[in-house]
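There is one chain below, alone, in structure tokens, taken in the form predicted on its own.
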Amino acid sequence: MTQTPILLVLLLALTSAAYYFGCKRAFRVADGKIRKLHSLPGYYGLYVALWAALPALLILCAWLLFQGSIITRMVVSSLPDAIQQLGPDRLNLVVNDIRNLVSGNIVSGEPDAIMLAAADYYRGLLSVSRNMLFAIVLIVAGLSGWYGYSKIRAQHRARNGVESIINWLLVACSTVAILTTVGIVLSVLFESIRFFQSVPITEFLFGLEWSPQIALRADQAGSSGAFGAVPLFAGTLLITFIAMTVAVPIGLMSALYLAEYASARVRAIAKPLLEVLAGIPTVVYGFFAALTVAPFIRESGGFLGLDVASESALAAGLVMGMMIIPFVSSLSDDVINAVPQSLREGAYGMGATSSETIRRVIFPAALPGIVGAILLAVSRAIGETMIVVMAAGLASNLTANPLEAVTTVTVQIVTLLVGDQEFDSPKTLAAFALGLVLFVVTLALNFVALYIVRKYREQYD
């Protein structure tokens, strides 16, 4: 792949040259008078540059996408029949060993003559493919750029062509985003259906015990596992409730102060400092919760005679609430500032004080937007993983005691998919079912929040 960066640099240079010559030709066909041109000279240059770059980039992407699979099929077809008739898993191991030999990595065993010959064949095909790609991309870029260059006339609608191409590019990018989302949803849905074919959905949604370990022998105790997800849902809701208990009052009060009471100088300093919390990696919050907050809570509880677990829901919820404060504060601040100034002036004209104006005018007017901000923060809290892994533990306890260890849906998803797993096992497929539940819940919260915010904007724009 070392040729690909060089190829991209050459393609960029060729595109830049196409832009230059396109602008120069536009001046020449107009006899140096821009007013004779339909579009500005830059549009003509951009038109030629797009013609030079886009076809070549499409070929480059398609070639890189299918190159590996085509070469692999050709190499496999050259192997002896005994190897070609192996099962898919063993054949994949052979192909991986061949690739490792080509790249110089460690293989699973001592390579024989067949493996070495296949690696040489693979290396030769890869070299030919790269050279062909190098030549074809540059040739296509040159020919397509020349075609765009030849179309330049004084009355050629270059601006319309450029805008049309950019419009199609934007549509393509939007389509990729939509298809990616659909693909993620369908993959999670299909794997969840496979899971529910092994475990009843009622047991999953209403079962009170979560122990997804599958035994190696059918006569071993607990061989069927226990997939009741209620302890996970309860732990998620408990930690989220603690986090929102911290984040909502502090974030909302901070937003009210910054929007209504703080001077411009204080706001310019305090708001960025508050939003720094949103830029701290969650693993740092996890370390802080595990090494500072959890021991403090445990020692304080011991001083008061309380039995506090070394990993507790309270520690994870408190630190998660600190992390979510910027979400509530920033969104609420934007909503409060969006309240029309005329409402404030009317309240002041009626003799209301600042606090009365906030309580009886600004806060009710901004309430729909604030509720939407809180719901978005809730969805953020539900999807958090690292803080819970490091501070709340992995124990699936069905409890409402914040001083005990609990676990959440996201933590169990990570736990089930770590290491080498068999995707035919209900233990692994349970992660997809949990992911589907998490997706549905967060999607519903986001829809409700966006609906409330949209309704607020329609009312106060």
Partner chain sequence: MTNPGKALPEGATSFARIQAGMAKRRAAERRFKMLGRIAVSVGLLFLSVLLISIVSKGYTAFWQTQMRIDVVLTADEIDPDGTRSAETLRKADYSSLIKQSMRDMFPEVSGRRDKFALYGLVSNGAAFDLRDKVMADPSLIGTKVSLWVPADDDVDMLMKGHIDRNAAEDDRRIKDNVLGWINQLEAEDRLELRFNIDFFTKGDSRDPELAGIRGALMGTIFTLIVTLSLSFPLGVAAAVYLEEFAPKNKWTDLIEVNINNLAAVPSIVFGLLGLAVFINVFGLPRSAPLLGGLVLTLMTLPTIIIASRAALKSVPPSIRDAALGIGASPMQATLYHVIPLALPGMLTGTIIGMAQALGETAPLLMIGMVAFIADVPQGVFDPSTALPVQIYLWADSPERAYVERTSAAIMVLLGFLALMNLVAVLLRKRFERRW
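Numbering follows the first chain given and starts at 1. All values reported here derive from a predicted model rather than from experimental measurement.
Unshown form predicted together with its partner chain; subsequent notes refer to it.
Against its partner chain in the predicted bound form, the set L65, F288 and M390 is in full contact: each member has a heavy atom within 4.5 Å.
Partner proximity in the predicted bound form, defined as non-hydrogen atoms within 4.5 angstroms of its partner chain, places exactly one of 235-243, 273-281, 200-208, 141-149 at the interface: 273-281. Contact check for L438: a heavy atom falls within 4.5 Å of its partner chain in the predicted bound form. At a distance threshold of 4.5 angstroms between non-hydrogen atoms, I413 is in contact with its partner chain in the predicted bound form.
At a distance threshold of 4.5 angstroms between non-hydrogen atoms, D334 is out of contact with its partner chain in the predicted bound form. Put simply, S187 is close to its partner chain in the predicted bound form: some heavy atom of it is within 4.5 Å. Put simply, of I325, L314, A158, A118 only one has a heavy atom within 4.5 Å of its partner chain in the predicted bound form, and it is I325. Distance criterion of 4.5 Å from any heavy atom to its partner chain in the predicted bound form singles out R359 from the list R130, R123, R153, R359.
Looking at 162-177, the residues that come within 4.5 Å of its partner chain in the predicted bound form, counting any heavy atom, are E163, I166, N167, L170, V171, C173, S174, T175, V176, A177.
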